[in-house]
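Shown here is one chain on its own, the form predicted on its own, set out as structure tokens.
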Amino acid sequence: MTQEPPVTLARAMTARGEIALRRRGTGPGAVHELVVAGIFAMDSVDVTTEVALARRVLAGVTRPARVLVGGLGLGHTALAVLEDPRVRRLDVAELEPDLLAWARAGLVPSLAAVTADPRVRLVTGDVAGLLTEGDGVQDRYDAILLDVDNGPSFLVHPHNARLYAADHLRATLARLAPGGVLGIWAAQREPALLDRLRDLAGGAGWPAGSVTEVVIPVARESHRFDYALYLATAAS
């Protein structure tokens, strides 16, 4: 990763604090970063876990025609979804309209690629509310991917805690089509989330083994982290 000072490509003040899009270096090796309310949210140094989330979720669905991604970020989760030719429609829900505007302006190649795909519909709004209220999104999805935060133990926005609450998870699982898969990305293992999903799946009468945890070790700058994916597969 280049050590050059970052260049701020865009910034905006929102009701939740400042968001800033930055770039380190130039050319094919440039690294893009997203900072939210003064908290480092993500960069493009290593996107293997975002790609893994998309691929593992879609691998568990026979016909993933309709997909919802919660959180645009730098676009890598959505791009990985779009690699699958079976996907006919991808809704991407993003809370910050400024980030959507930067994507449409082509400030980051990965975001520009997402907006250029005709299968994509960008929805401005909180995915938590969209999933429970249904405003602006399809009734049922073959796959739902939540990559809006770092997991319940390290929230970028405090209000995102409701995403992981039992009532909201139950409503989210209800938005899956038969045989659909919910995937949640977390920056660390979340045993309480795993237990909650298993309880909900059992209460819904889904088969044993419907909920799984996938631990992905990632090395960054001599440090090792265990990121985690949580997958829940609806009964067919």
Ligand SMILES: C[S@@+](CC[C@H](N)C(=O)[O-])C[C@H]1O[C@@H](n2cnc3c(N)ncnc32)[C@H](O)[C@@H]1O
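Keep in mind it's a predicted model, so treat the numbers as computed, not measured. The first residue of the sequence shown is number 1, and the count goes up from there.
Omitted from view is the form predicted together with the ligand, to which the following refers.
Interface residue in the predicted bound form among L72, L131, L90, A103, criterion: non-hydrogen atom within 4.5 angstroms of the ligand: Comparing distances to the ligand in the predicted bound form, the residue within 4.5 Å is L72.
Three-residue site M42, E96 and H159 fully in contact with the ligand in the predicted bound form at 4.5 Å by heavy atom: Checked in the predicted bound form: all three residues contact the ligand.
Any non-hydrogen atom of D126 within 4.5 angstroms of the ligand in the predicted bound form: Answer yes; at least one heavy atom of D126 falls within 4.5 Å of the ligand in the predicted bound form.
Interface membership of D142, the ligand in the predicted bound form, 4.5 Å heavy atom rule: Although the ligand is absent here, D142 would stay clear of it in the predicted bound form, with no heavy atoms inside 4.5 Å.
Partner proximity in the predicted bound form: V148 to the ligand, non-hydrogen atom cutoff 4.5 Å: Result yes; V148 sits at the interface with the ligand in the predicted bound form.
4.5 Å heavy atom contact, A186 to the ligand in the predicted bound form: Heavy-atom contact with the ligand at 4.5 Å: absent for A186.
Region of this chain that lies against the ligand in the predicted bound form, out of 55-63, 28-36, 207-215, 166-174 [heavy atom, 4.5 Å]: That would be 28-36.
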